[in-house]
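Presented as structure tokens, the chain that follows is alone, the form predicted alone.
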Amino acid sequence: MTDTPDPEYRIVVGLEVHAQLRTRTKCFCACAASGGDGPNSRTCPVCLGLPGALPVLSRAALDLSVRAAVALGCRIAQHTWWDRKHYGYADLPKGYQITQHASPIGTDGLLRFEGGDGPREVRIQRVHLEEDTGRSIHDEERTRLAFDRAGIALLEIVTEPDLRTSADVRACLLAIRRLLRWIGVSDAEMEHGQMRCEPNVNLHIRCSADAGTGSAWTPTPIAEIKNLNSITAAARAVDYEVARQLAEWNATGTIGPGPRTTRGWSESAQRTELQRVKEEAADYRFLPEPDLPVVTCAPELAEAARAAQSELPDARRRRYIDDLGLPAEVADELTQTLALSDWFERAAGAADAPRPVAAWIVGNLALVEAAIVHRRFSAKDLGKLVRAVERGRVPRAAARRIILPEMARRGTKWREIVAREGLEMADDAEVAAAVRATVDAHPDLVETARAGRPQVLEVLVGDVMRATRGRADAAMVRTLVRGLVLGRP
């Protein structure tokens, strides 16, 4: 490598995201999409590609695909159909994949998201429905083929090359995953293979006009990084690929059009590795799938999806910030799932205090998520507890340490816990008596405080809070202690 300084350049990244749809059966047959009793237990002649087997399109897969395209703001095709994409892999039993090439379900969409340093948007080139492939499982001695995944309904989202940093790649993938979960299209668990992404990365390098490039910005060849199964890996792969392409340019001094390459990501080595020169469309020998009809009902399905679509996460997040005054990071947490966001809104309505409820939910997120899943307590229960705390009827510390954990563990109503444990807020006379008793019991601390070390009074405050079992207001206790010991608040 030469010591040539890095030239002026910009990063260009587009994403291909594959998400398994939340359907009961596979895309073109009646095999179960999940479950099974062992390898290759969820297969049939259709997904194994046996001669004479005919595919039948899943209506559920079509509905979910249209729903996703609508949520991404796509233009919905009046007529859409499927094609055969030919290539030879051992885990592709038919020798082709049923996908959409000429007429995807949705095109020309837009996704807005919060990037590393502000709002971003990425254009959606296309959204289409296809079948997943099988899996090749390699070990030192052999390769085993698993076809349970073959034929599962797979949504592919292809963006335009609008991303410029690995931070924006990460943020965009998080936004896509959140949206797919929000609208109920996919569970999108990357660690379970339900969502995979393939960044297409290259650089545009500024070159002088006399260098023979003919352009102020000249691209390096595009590298497609295959089947990344975590968002962190995607960001790291993009960073590595940028550095690799830049180092290659510095070493060779050459730039310009070249063959696209497919590269794999090595998690152990934290680097991309060349797999092959990328096929062009002609290499796949696309032809219309003759056993599936042209679909003409996508526009009607899109109208139904628009009518049923709830407020999308980016819009709801913005409303929480602008209308409710929530901090951006709190609004982010509350819009991670539709279930959590709806739960928050019900709790905030019961409390008539959105900001305190938001703080309670985010501060106790694991308890709240468990409550949503197991129905241990309702949003209304939490809202009313928060309202009682905010109005000074229930001690905040007792609510956090005692009441909420028992609600989550046993489903006990908060009023029952308060009554059983005597957790109503202590009245002024009880607090004053506790302060007097505590001060009288610690003459050494009183003497130390009066000698010029008032910080020791916090020990007395803690003793009073314990004596009242957290039922006193800490600020009030602190004021009373300082007044009694030092003669001033």
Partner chain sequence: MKPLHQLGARRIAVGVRAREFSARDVTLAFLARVRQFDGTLRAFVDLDDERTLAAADQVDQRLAEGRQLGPLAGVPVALKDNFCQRGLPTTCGSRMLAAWHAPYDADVVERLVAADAVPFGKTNMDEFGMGSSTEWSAFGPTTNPWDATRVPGGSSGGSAAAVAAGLVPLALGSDTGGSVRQPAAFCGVFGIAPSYGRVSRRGLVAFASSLDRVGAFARQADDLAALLRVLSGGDARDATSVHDAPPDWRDDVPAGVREVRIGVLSIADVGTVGSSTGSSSTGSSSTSGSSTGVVPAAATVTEKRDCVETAVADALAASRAALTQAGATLRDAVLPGAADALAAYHLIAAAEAASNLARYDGVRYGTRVAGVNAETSARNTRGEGFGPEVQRRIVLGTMALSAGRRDALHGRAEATRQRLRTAFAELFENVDVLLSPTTPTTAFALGTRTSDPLRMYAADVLTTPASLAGLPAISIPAGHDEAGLPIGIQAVAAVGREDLLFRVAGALERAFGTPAIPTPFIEAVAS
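Since this is a predicted model, take the numbers as computed values, not measurements. Numbering follows the first chain given and starts at 1.
Omitted from view is the form predicted in complex with its partner chain, to which the following refers.
Proximity to its partner chain in the model of the complex, defined as a heavy atom within 4.5 Å, singles out one entry of 414, 182, 147, 360, which is 147. Just one of 461, 432, 48, 456 comes within 4.5 Å of its partner chain in the model of the complex, counting any heavy atom, and that one is 48.
Residue 445 falls outside the set of residues with a heavy atom inside 4.5 Å of its partner chain in the model of the complex.
Shown alone here, residue 94 lies within 4.5 Å of its partner chain in the model of the complex, counting heavy atoms only. At the 4.5 Å threshold, heavy atoms of residue 52 reach its partner chain in the model of the complex. Contact check for residue 287: a heavy atom falls within 4.5 Å of its partner chain in the model of the complex. Checking 288-296, 158-166, 267-275, 222-230 against its partner chain in the model of the complex, the stretch whose residues place heavy atoms within 4.5 Å of it is 288-296.
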